[in-house]
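Next up: a single chain in structure tokens, the form predicted alone.
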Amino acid sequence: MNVLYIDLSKYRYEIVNRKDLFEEWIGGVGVGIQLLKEELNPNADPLSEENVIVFAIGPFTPAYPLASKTVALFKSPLTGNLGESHAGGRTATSIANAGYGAIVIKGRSKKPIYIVVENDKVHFRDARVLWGIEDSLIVGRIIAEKEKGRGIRTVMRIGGGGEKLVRYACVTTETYRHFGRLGLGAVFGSKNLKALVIIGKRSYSPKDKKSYKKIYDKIYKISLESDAMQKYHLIGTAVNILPLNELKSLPTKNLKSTRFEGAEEISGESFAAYNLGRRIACNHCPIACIHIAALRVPYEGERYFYKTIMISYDYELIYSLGSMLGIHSREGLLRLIHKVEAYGLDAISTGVCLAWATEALEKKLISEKETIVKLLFGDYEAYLKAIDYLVRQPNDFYKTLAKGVEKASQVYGGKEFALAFGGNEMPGYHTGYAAHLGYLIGLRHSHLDSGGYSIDQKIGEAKPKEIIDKLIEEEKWRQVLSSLVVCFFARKVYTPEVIVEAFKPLGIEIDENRLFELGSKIYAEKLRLKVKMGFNINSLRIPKRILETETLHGKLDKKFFDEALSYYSKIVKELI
């Protein structure tokens, strides 16, 4: 399996066969961590030319349904530690069809460029004319018109957020998918890299076509008939709004509450009934979980003249830019989502940062001199302007807020209601101990490390040790899934038994015990790298607000967290 190494400083590239890595570490995150260890100085400044970006796919990528994700690994400018982000779309298939299992990007270009990878050739294109275009959707459209490969390429690019080094800027791929969390967009911006285009024309053929068709059909059938997958097609993750609101687990107005009076208006059911325009799928996925709303917007100064904007929405966006900001209006919420999409910002971090700023203004820790616009929960027009300021950074306040809520609360106060875990802003689940412990100890500090929110809903009384063990057990298994690489929504489809069976037509013999061993091994490798980058369990901060606001299990006790983290600390020492 080949790895493509690109050096932006020297405008050179090299293709190296790294079969050894893929045989030992499967692919995806397993291989990516090893490549990052080889190329990255753990003490590097995340925004310096020393930072390294690794994109990696897995052995199932060109072969099976739902194996549609690409893993990106880098040093996060938001947390200063390991950054890991996954994206769907066409990226994984394009990388595979170009002939690579991974792409490594290092160095820094002297001028703005974008890269075109066309099978075994790499072109360094001048992007000075694109630099300064804040709208990532426009950037994507321009590049798509200029470059060939329509239908078989991926176009990954940044908007104004990445250029201005907003620490939670994302990289948009295709139109509606993102490497969202932990600031990959800012790393692109720091390297003067506006976009990465990959065109792949190779085809894929398994070793045993007959048995391949059999397991392929089995996976396809399970995917379509699974109740777990059907909900993603019908309403999408936005189906979570009403149940979480009923369970007193929907973070509202900077988590001052867990019940939102406007939940019905911004629920997945309401979006489906009044705004849903179409559903689309990532490449090689039969489910189509991406829900696109149609928003009619009047042209300025014109009567009866409108344009229709298609906007992707899901649960995390509705939480962070909806209930977290007290937004009742679906139209207002869609406008906020579209603004964030255009600038290329992580929606979760953006919403949490603005929610903190609103409460800080309420408590007079800051004034309108800092915010420029009066931020009020429920006022989407004010938040639309604030998002502009986050990117354009007209004063010190917005320059600081662009570094994340952890940094902003250190400078302006209000740390007790600054909702960050390991430096990364809080996802949309206030279900109980398992969710928040998952944010704290997950190796990405993200809700996709494990299903803590699900554990909270399934178990009643549990001891700290029990929860930590469950979280780690699931996260170890997710290392296998993110090395294959398959969508986490398909985790009930890709059981150990199915994975073993799916490997055989590809010419790979592996048993379930070996899979679990690899999951544990990759988990330990990631943890060791995090520690080398400066991760310290004793430095984790538990936001006071999560102890003050009721969950479905009542209010949470800090002693429980202390006991759980103490137990986890012992596990860390054993593993490293």
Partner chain sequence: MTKRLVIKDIEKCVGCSLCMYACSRKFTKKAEIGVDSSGILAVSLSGFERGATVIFCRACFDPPCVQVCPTNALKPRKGGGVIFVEDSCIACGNCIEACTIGAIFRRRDGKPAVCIHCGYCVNYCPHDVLAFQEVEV
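Fair warning: this is a prediction, and the values are worked out from it, not measured in the lab. Residue numbers count along the first chain shown, from 1.
Keep in mind the form predicted in complex with its partner chain is missing from the figure; the text below concerns it.
Just one of 130, 285, 116, 440 comes within 4.5 Å of its partner chain in the predicted complex, counting any heavy atom, and that one is 285. Checking 90, 167, 75, 291 for any heavy atom within 4.5 Å of its partner chain in the predicted complex turns up a single hit: 90. Residues within 4.5 angstroms of its partner chain in the predicted complex, judged by any non-hydrogen atom, belong to 92-100 and to none of the other stretches in 187-195, 472-480, 296-304, 92-100. Taken together, the three residues 141, 174 and 213 all come within 4.5 Å of its partner chain in the predicted complex, as judged by their closest heavy atom. Shown alone here, residue 124 lies farther than 4.5 Å from its partner chain in the predicted complex, counting heavy atoms only.
Shown alone here, residue 63 lies within 4.5 Å of its partner chain in the predicted complex, counting heavy atoms only. By the criterion of a heavy atom within 4.5 Å, residue 458 is excluded from the residues contacting its partner chain in the predicted complex. In the predicted complex, residue 220 approaches its partner chain with a heavy atom inside 4.5 Å. Taking a 4.5 Å heavy atom cutoff to its partner chain in the predicted complex, none of the residues in 528-560 make contact.
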